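Just the one chain here, laid out as structure tokens, in the form predicted alone.
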């Protein structure tokens, strides 16, 4: 029996720790329960809530909020070299990484300590330190919100891009991911330490031949040194995407700011670190009431206690406008604004 609660505070369900209320709230623990609540005609509009790690609630939700709490990890396929792991959408992402490390499954160690649940990972193709979800992705199962039908999406069908997918573009809002299947290695792991920060951390740890466990420890140490714990300081990780600009725009930019860091994406595209732009614009460590920019990582907007989602949104718009004015570069929010 699904319990529907009225006027539910969503503070504990969003990592920004913003006070916002759901008019109606239901938690689903099985795929059948999800199907049942989606067909409930009393609530024509429904708001889907996962781990609450990639959204900013700027107002109360005047409809039914469905919290996805599907749990379970199982093996779909296994041989001597790899395992296909099926993970239900409500499983915490970092706990999944730890589970894989305990079982010596390689592939997602660089994605340690990313907040949120597994079901939301494909939506924006989560990535960090040279690895993206698409690198290990096999498929995901999803339920159509209107029709209640289940569909399996393989790697190609998901149309993964930089922090993007089919679920964030053409099919946005149409499907609820119920499970994700990943292909992970059991031996001969591909150790990805291309990022200098990981190499520096491994050097500090006196590790010359890193294991997947060592890589995870290094990533955790780096993230903890830069990023605040949402349990202590409300935040949603990186608030902005790193902008990718074309060659003419890059040449104009780099001639004005030759000291700027950049990454060449292709012959015609360049990625500029949004954190550098925000820091150069003078926002790093700044506080506006209880909304602010983190002192150690300018990409992270924070709630110092009682900031509203609307106040954090105003700050983000101020940052975007300043970056455009000063650098002629448009930066976009990575976080979903509700």
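Residue numbers count along the first chain shown, from 1. Because the structure is predicted, anything quoted here is derived from the model rather than measured.
Only in words, not in the display: the form predicted together with a small molecule, which the text now covers.
Taking non-hydrogen atoms only, residue 217 never approaches the small molecule to within 4.5 angstroms in the model of the complex. Among heavy atoms of residue 77, none comes within 4.5 Å of the small molecule in the model of the complex. Taking non-hydrogen atoms only, residue 116 never approaches the small molecule to within 4.5 angstroms in the model of the complex. Within this chain, residue 101 is remote from the site of the small molecule in the model of the complex, having no heavy atom within 4.5 Å.
Although the partner is absent from the chain shown here, 127, 242 and 273 each have a heavy atom within 4.5 Å of the small molecule in the model of the complex. Residues of just one listed stretch (168-176, 186-194, 258-266, 89-97) have heavy atoms within 4.5 Å of the small molecule in the model of the complex: 258-266. 163 is the sole member of 84, 163, 151, 247 with a non-hydrogen atom lying within 4.5 angstroms of the small molecule in the model of the complex.
Screening 234, 210, 237, 107 for any heavy atom within 4.5 Å of the small molecule in the model of the complex leaves a single hit, 237.
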